[in-house]
Every structure is written in structure tokens, then in C-alpha cells.
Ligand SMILES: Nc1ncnc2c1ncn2[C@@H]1O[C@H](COP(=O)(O)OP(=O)(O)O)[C@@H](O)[C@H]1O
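Shown below, as C-alpha cells, is a lone chain in the form predicted alone; questions about how it binds or moves come after it.
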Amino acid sequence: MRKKLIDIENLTIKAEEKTLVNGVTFHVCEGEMLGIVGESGSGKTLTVKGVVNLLPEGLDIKADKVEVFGKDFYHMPYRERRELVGRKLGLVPQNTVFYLHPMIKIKNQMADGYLHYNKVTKEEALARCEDIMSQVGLRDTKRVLNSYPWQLSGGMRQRVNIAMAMLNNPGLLIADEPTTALDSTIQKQVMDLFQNINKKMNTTMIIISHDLGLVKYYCDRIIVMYAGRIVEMGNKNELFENPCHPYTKALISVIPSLNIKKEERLSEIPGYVPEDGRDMEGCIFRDRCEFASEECQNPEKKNFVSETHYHTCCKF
């Protein structure tokens, strides 16, 4: 049994009286590559940011348990919590344009972060920056370090973000939609890089994505979220060989296939993810589900297919 780096029970996030994430329970084990998938607005990013204390202001978070690296995260002194996040957690953000300051050179943005947590000289910090940039596949590292973000391509900015997240050798790396706005070739390069980091450095990873097809090839285990709730969770083989929740089945059905015929329409999921009513009893997906009945208004429960695979649908 691998050690749990993150252990969450009954996590709920609210904005005043509006529920955004409702009763989420999951864990992440050491060395694991976990995928969290769902449409935009499903609560994926908010859930993970809640776990690591990076929520926007004005949101209220409650949970029965939030343990990060074996520590009771929300009962730690603020300084210790901040130190834990800075040293042991790395975040690769979704938007490479807004995350990097356009008027500050890459070397200053990277080195300042490293200097904050390590008692080293500026020269040692820059040497560390060059080393980690080489490890994430960036060439001509001196030129990149002396560049402004707007002088780099989207793929290069993403690699810079990955390098920044890896500077302090974190035990856990969180990547939020890491391939958004990248072409398919660069997407594969970035995901291959994450896989290499996971395998060679034993870095635990959480990949947040709306692309179930991409997560299928890289992650060990997958959480499917919808409207602030987990509707299915399992090892990737279990999930794809025996999807149980209608939402998971719908996500799998919309994965593009090279076998599709010219005149055949692409699959789609009708409707949209609701913003309101996330704390209502019963299945939150029922308004979009073709199998919905009165039974779906009963309180949700976990239906275990195996020790590692469960879903919340009352029909399957």
C-alpha cells in the first residue's frame, strides 16, 4: 500500500450560500499519476485549489479531513502551510500568458522564487534554473532566461511554467489543463514530459483536464467530476472497460475517433453543467441523462464495482 500524500474527506466549497463543490472525497498516493476530468465548470480546478489553500478570496471551505503530506493542513499555522505549499507542491497553471509577468524576464521570475525558499546566491539560483530548464527539454537556456514571456512560443512558456513548478523538487506536481491552446504535437511532448517526471523522479502528479482521451493514456487512476461532485472513480482500465455512470459514458462517447465516417456526426452531450442546485439531493446529472427517472431523486450513494472502482448512479 503506497503512502497517501493527499487525503480528503467530504470537501465542500461555497460562495456565500451557493455551493460550488459538494462533498468530495478522494486521495492521491505517492508516485501516482491521477487524472481529474469533467467539462468546464465541473469543479475540478476549484477542488484542487481548495486542497492546497489557493482558493480565490470570498470562498468558504469545509471538510471532515484535509491531510497534505500527512499533516492536518487547515489546522497548521499559516506560515507552515505556506512553506509546505512552496517547498513540496508545484503548480503548472492553465494560462501561460497571464501567469508569467510580461515585463519581467524569465530569469528573474524563476530565480526569485527559488531564492525565497533556499539560502543560495543569485548565481547558484540561476544555475539551478538552467539545470531544470534543460531537464524539461528547453534548449539555449541562457537565451530563454534572458527573454520576456512574449518573446517565447506557447509551448516554450508552458515548459518554463513546468520548470518553475519543479525548481524545489516538489513531491507533488499539479497541472491544470496543461495542454490548453497547444497544438497536438506540443500536447504530446508536454504530456510525455510529465510522464517522464513521474517515472524518473517518482513525483506524484495530478492532471486536471476536460480531455478524457488524453488522460486515458497517461494517468494511473481517474476521477470524473460533474457539477462539483465526483460521479465515478477508478483505475483507468476499469473506467474505460466498464464505465458505469452515464456521464462517464457520455464523456467517452465524445472522444474523437479516426474511424468516424465522413457523413457521421460527432457525438455531443446535450445541455450544460449547472451552476446552481449543486447541493440538491439526488443525481446532479439527471436533467441531462437519458436514463433519468424518479429514482434519481433519491440521495446519492457510492456503488462499488470493485475495491478501487465506484460510481454514484442508481441505475447501473
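Start at 1 with the first residue shown and count on from there. Treat the numbers as computed from the prediction; the structure is a model and nothing was measured.
The form predicted in complex with the ligand exists for this protein as well; it is not shown, and the discussion that follows is about that form.
The contact with the ligand in the predicted complex, taken as any heavy atom within 4.5 Å, belongs to L46 out of A63, M33, C289, L46.
The partner is absent here, but in the predicted complex a heavy atom of M156, alone among L173, L214, V231, M156, sits within 4.5 Å of the ligand. Residue contact check for G271: none of its heavy atoms lie within 4.5 Å of the ligand in the predicted complex. In the predicted complex, the ligand lies within 4.5 Å of some heavy atom of L20.
Contact check for M191: no non-hydrogen atom falls within 4.5 Å of the ligand in the predicted complex.
Remark: E67 does not count among the residues lining the ligand in the predicted complex, judged by a heavy atom distance of 4.5 Å or less. Of the stretches 246-254, 281-289, 25-33, 54-62, only 54-62 has residues with a heavy atom within 4.5 Å of the ligand in the predicted complex. Residues of 142-171 placing a heavy atom within 4.5 Å of the ligand in the predicted complex, in sequence order: R143, Q151, L152, S153, M156.
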